[in-house]
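Shown next as structure tokens: one chain only, the form predicted alone.
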């Protein structure tokens, strides 16, 4: 079951519909960016998911709990047990220290644990600021206190509403890096943002317009190319009988752990004891990538007489834009080659099988 299920969700304020029939699901471990212009319903949506508001119609289910069916006492318990909030305004109690602000969240959940709260602050880089009041902290430090507070009760879902909206560029980078680390550890994050560059870091972007779902963007073309690059590398390892370890990808990808995690969520790879393996689905996709790459290399060297080094470079760009139909046309045009210019096998496609069958019948 999905961690979050939103079905035909509506919220009205008088004659104004802030949300008008929204439906989507979120899997455990995903990072979702909620985007859209002001007034599109973004904050209303996460307020409902966080138990700060109730829907007019439809369902909002978080970790099997239908938020709209809870009374006030149950909503308070739900928020303390299931949700970690990070707001644009930090909402720290001004007369409590950083440590006490984090412990306050513990108090509303169950019992306070000073050592655990201190460790949470050290985790966000504030080990030397435990006794500081909010007024003695920078904006970025206050937001990191808010993140520590959101994490202290081990929530199922982190809801972040423009968490970098009041921060300068340096502090924004610090908070985003912290969120990326949390995501890489398996935390589920639903974040409202206006910034496309921040939204592009998420696994999916859900765009709202006038309270309705306008678009869901899964991955950018750059993401897909990066995925293909990693899958291709895994195929090459399998070709020579080697197991691929996570460390192998550190030189190939700017954020290899996150890329591998995304591939695992997509069901393309599995990770066990720091070793990465292709699933059956991942093997099929890797096979297609390798086939396109090696066909492109053969096309550039045989047809255009391009030197091997340049052919390799061009094929790397070309492999991501070749459609299945063009793949078959290139393969047929080249006479269904068995190997690339380097002698490595080109995985056969359906057109190769058909050509072999026709040849056998003719014989």
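Residue numbers count along the first chain shown, from 1. Nothing here was measured: the structure is a model prediction, and the numbers come from that model.
Below, we turn to the form predicted in complex with adenosine-5'-diphosphate (ADP), even though it does not appear here.
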Proximity to adenosine-5'-diphosphate (ADP) in the predicted bound form, single hit among 56, 332, 314, 43 (heavy atom within 4.5 Å):
43
Residue 346, heavy atom within 4.5 angstroms of adenosine-5'-diphosphate (ADP) in the predicted bound form:
no
Residue 337 within 4.5 Å of adenosine-5'-diphosphate (ADP) in the predicted bound form, heavy atoms:
no
Residue 29 near adenosine-5'-diphosphate (ADP) in the predicted bound form, any heavy atom under 4.5 Å?
no
Would residue 68 count as a contact of adenosine-5'-diphosphate (ADP) in the predicted bound form, using a 4.5 angstroms cut-off between non-hydrogen atoms?
no
Which single stretch, out of 324-332, 295-303, 57-65, 35-43, brings residue heavy atoms within 4.5 Å of adenosine-5'-diphosphate (ADP) in the predicted bound form?
35-43
